[in-house]
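Starting off, we have a lone chain in the form predicted on its own, written out as structure tokens.
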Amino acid sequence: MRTNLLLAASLLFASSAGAAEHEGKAYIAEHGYDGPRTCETCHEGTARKFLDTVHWKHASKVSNVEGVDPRQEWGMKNRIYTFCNGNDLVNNLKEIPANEKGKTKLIGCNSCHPGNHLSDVGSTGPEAEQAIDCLVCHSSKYDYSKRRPYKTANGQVAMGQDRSAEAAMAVGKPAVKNCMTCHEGAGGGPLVKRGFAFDAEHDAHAAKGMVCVDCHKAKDHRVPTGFDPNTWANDGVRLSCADCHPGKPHKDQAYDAHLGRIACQTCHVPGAGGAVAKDFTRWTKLETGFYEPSTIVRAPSEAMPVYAWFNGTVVNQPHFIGPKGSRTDPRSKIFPFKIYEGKAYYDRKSGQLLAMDFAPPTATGNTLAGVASAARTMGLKDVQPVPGWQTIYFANSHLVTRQKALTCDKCHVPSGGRLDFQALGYSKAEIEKRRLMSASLWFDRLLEKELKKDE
């Protein structure tokens, strides 16, 4: 009862102080911050609900990927593909063996898990609820230097958190930094995985002062996402450009006429970035004495996308993960994709991709030791590793531009155009009849626009 009275007083104080202030600020100032327990003074039941989200579980049931049991949960927790070549099961936060310089470090693919790792990915119950790091997403004054792995007194590897009153007093809607601290750094370093820099230089939404959650509006911490051949786990809520730009968003009827079969991203995300290839069978030695997968990376918007029909379902094969769709499928639209190729080890007998425990190769460069360690963890016996390549199509939905969006003359030209119409299912006769590769299709319209610019 006393707590409720204090809470009511703090809410009254906050409302009189100004609507911009977080309503629990006065309560935190008086009582300090005790993790989710403090947050639940107002947001009762939120922690328990959060444990059922992808951000905590790193997995979900998946219904749009071929060859995947829809009754099972899939995601970073247990999936294997050649961008990560491992998962949380084999690359949990751990201390790696010492390298030739006698140095060791704590690493793990799930270091972005918003908990302390003592209650790990997928864990449930009261302890897991109190392990959630609410402030890493919600505080504008979070001290990220405190969010580093460390060893506890009994030798467990844990992740530190900033649970200071100062950080707690600065809670609110997640800012770009809160999201991008993990999402920009995924895959081995800044801008490596997708290469999308969410800033005014590279994205029209950022230039308008928008933040990630202005589009990815969560409800009960379930974050809506688009369809992506590369990303499977989801919270069951989806996002599209039409959510904010419905109907006919262009002033040009010819552009609006494309909306039925051309995705917004095709014209408004003309560039790609991030890693275009990795070789997990050959690791590069760093000055520190540690090793990392050999990787070729492109700057944001430096790479050109590839275009394909996509209906939201995914082709899932050992050597190829990509969009499913066709011109004859009314659900399909042409989307842009970043092509990624990864080299890793496959099992000679089954033909399936093998996971890799990164601890051995990070310390010594011995990639086969990493495969053997992962096989033991996953209960696989008598595997026969052989190198092989896998191609993955990444959805290309960020780096949005308005000023540099593709115009007619970027696709409908005799050669060198963005779209390969024959590969997309158009016959030579149809291409000629519809003038799909001719300036005659658009010359008069673009000339009129150019002349208006000069007036």
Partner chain sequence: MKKLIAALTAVAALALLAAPAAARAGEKFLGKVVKIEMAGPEAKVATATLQDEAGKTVAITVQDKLTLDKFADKRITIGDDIKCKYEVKDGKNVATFFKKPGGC
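Numbering follows the first chain given and starts at 1. Just so we're clear, the structure is a prediction, and the values are computed from it rather than from any experiment.
There is another form of the same protein, the form predicted together with its partner chain; it is not shown, and what comes next is about it.
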Which of 153-161, 139-147, 324-332, 222-230 lines the interface with its partner chain in the predicted bound form (heavy atom within 4.5 Å): 139-147
One residue of Ile107, Cys134, Val171, Leu89 in contact with its partner chain, assessed in the predicted bound form (non-hydrogen atom, 4.5 angstroms): Ile107
Gly185, Pro249, Gly312, Pro318: which sits within 4.5 Å of its partner chain in the predicted bound form by any heavy atom? Gly185
May I ask you to state whether Ala167 is within 4.5 Å of its partner chain in the predicted bound form, using heavy atom distances? no
How about Lys94 - does it come within 4.5 Å of its partner chain in the predicted bound form, if we only consider non-hydrogen atoms? no
Using the partner position in the predicted bound form, report whether Gly122 sits within 4.5 Å of its partner chain, counting heavy atoms only. no
Considering only heavy atoms, tell me if Cys267 and its partner chain come within 4.5 Å of each other in the predicted bound form. no
Within 4.5 Å of its partner chain in the predicted bound form, which residues of 282-310 have a heavy atom? Give them in sequence order, or say none. Leu286, Glu287, Thr288, Glu292
